[in-house]
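Read the single chain below, which is given as structure tokens and is the form predicted alone.
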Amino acid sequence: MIKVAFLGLGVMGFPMAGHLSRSGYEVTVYNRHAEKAMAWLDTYKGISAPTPKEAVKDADVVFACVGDDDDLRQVTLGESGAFSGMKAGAVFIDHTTVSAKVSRELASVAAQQGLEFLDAPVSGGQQGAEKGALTVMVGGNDKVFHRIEPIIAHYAREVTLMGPVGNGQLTKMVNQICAVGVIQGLAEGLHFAKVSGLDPEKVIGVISKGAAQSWQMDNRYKTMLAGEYEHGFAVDWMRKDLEIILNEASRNGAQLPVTELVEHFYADVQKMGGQRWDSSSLLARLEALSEKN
């Protein structure tokens, strides 16, 4: 029996840890807010621990899915951090979307302590996590990856090794760059259709069979037209991801004019009170601007 620990039970980590429990693994969970851990135990079989260090005791594999670089450092480093409690040879898998810099930093610390580290950000959102259909982009040692891949597969439909530590995060950045451009284009298309007097449903019915088709179109156009944004990947999270991307682009010299522009648009949505709205709420921004004019 492989013993695992899962640190972070947010909208992604909660179901991901649940898939591991239902697959027969002995799971110990930790969450900063203990009531979330209690809620998880009401749904799944496992135990909880009050600190990351205690959660990872005797674990063969430790998963983390927290908020940002600082959150990741808090659950890994220090006296009560996971690294201080993991046994030699154990594997730490980080599913948080963070900077490639912090992934490399923590991988170095882990190696000094005889631990393995994989950065493994995910795509697919809350719906993908609940359905066990995430896409996972991994950076790290290939032998460790192939040993761990069957475990990750319990909540993923695609798990791919992208190269050394940090490459998982860089690949996730590419994912977000592509996604926000598509979301903005879809928002503009729907807005244009509405102000032109077209039937947006009929428009999507036609263009979704051609070159304009996308995951965002298939899964978000109905809620966008209904103005329903209380679901999915929050604007706050997307803006955090875009800030990571733009910082990396500043470092490596990549030119991202559309990504930079859409990041400003998400800042506008936040000012509208849409911090927790789904990232498809870019349409709400366009509609607000149209009303002003």
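Note that the coordinates shown come from a computational prediction; the quantities given were computed from them, not determined experimentally. Each residue number is its position in the shown sequence, starting from 1.
The next section is about a form of this same protein that is not shown, the form predicted together with a further copy of the same chain.
J.: Only one of T223, S214, Q74, N141 comes within 4.5 Å of a further copy of the same chain in the predicted complex by heavy atoms, so just point that one out.
T.: The residue from T223, S214, Q74, N141 that makes the contact is S214.
J.: Which one, S108, T160, Q127, S84, lies within 4.5 Å of a further copy of the same chain in the predicted complex by heavy atoms?
T.: Partner contact (heavy atom, 4.5 Å) among the options: T160.
J.: So which stretch, 5-13, 268-276, 281-289, 19-27, is the one near a further copy of the same chain in the predicted complex (non-hydrogen atoms, 4.5 Å)?
T.: Within 4.5 Å of the partner lies stretch 281-289.
J.: Can any non-hydrogen atom of G132 be found within 4.5 angstroms of a further copy of the same chain in the predicted complex?
T.: Output for G132 is no: heavy atoms all beyond 4.5 Å of a further copy of the same chain.
J.: For I151, is any heavy atom within 4.5 Å of a further copy of the same chain in the predicted complex, or not?
T.: Result no; I151 lies far from a further copy of the same chain in the predicted complex.
J.: Please determine whether A34 contacts a further copy of the same chain in the predicted complex, using a 4.5 Å cut-off between heavy atoms.
T.: No, no contact at 4.5 Å.
J.: Although a further copy of the same chain is absent from this view, report whether G89 comes within 4.5 Å of it in the predicted complex, heavy atoms only.
T.: So G89 does not count as contacting a further copy of the same chain.
J.: Pick out the residues of 196-215 whose heavy atoms come within 4.5 Å of a further copy of the same chain in the predicted complex.
T.: If the 4.5 Å heavy-atom criterion is applied to a further copy of the same chain in the predicted complex, 196-215 yields S196, L198, K202, V203, G205, V206, I207, K209, G210, A211, A212, Q213, S214, W215.
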